[in-house]
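Taking the form predicted alone, here's one chain by itself in structure tokens.
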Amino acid sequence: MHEMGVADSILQAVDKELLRYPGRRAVKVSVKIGNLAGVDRESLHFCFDSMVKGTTWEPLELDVQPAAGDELDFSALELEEI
């Protein structure tokens, strides 16, 4: 499932970004996905939620924003203090 790989890449990007902010955890990650990117948003949400549930990433939420063309970009990361 292609979306599982996309979800994994998003979580790897979150982990990498969190290294810059010790003492914080991610609560929301936003990505931009274009209609031509070949990603099914519903499947991506399912895969992402499955990977997060019961892990240290919980309660991380995925926010998918529409974009043009085949764009697939990490958009924003919302953090809170632990």
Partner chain sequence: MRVALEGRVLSENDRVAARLREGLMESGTLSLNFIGSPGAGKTAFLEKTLELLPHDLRIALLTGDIQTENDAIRLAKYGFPVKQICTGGACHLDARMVEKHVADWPLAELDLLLIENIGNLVCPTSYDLGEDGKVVILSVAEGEDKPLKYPGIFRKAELMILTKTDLLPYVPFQLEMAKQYARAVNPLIEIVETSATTGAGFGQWLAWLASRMETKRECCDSAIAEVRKVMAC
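Residue numbers count along the first chain shown, from 1. Predicted, not measured: the structure shown is a model, and the values here were computed from it.
The same protein has a further form, the form predicted in complex with the partner chain, not shown here; the description that follows concerns it.
Proximity of Ser43, Val52 and Glu58 to the partner chain in the model of the complex is absent: no residue of the three has a non-hydrogen atom within 4.5 angstroms. At a distance threshold of 4.5 angstroms between non-hydrogen atoms, Val64 is out of contact with the partner chain in the model of the complex. The partner chain in the model of the complex comes within 4.5 Å of a heavy atom belonging to Val31.
Contacts with the partner chain in the model of the complex, taken as any heavy atom within 4.5 Å, map within 54-79 to Gln65, Gly69, Asp70, Leu72, Asp73, Phe74, Ser75, Ala76, Leu77, Glu78, Leu79.
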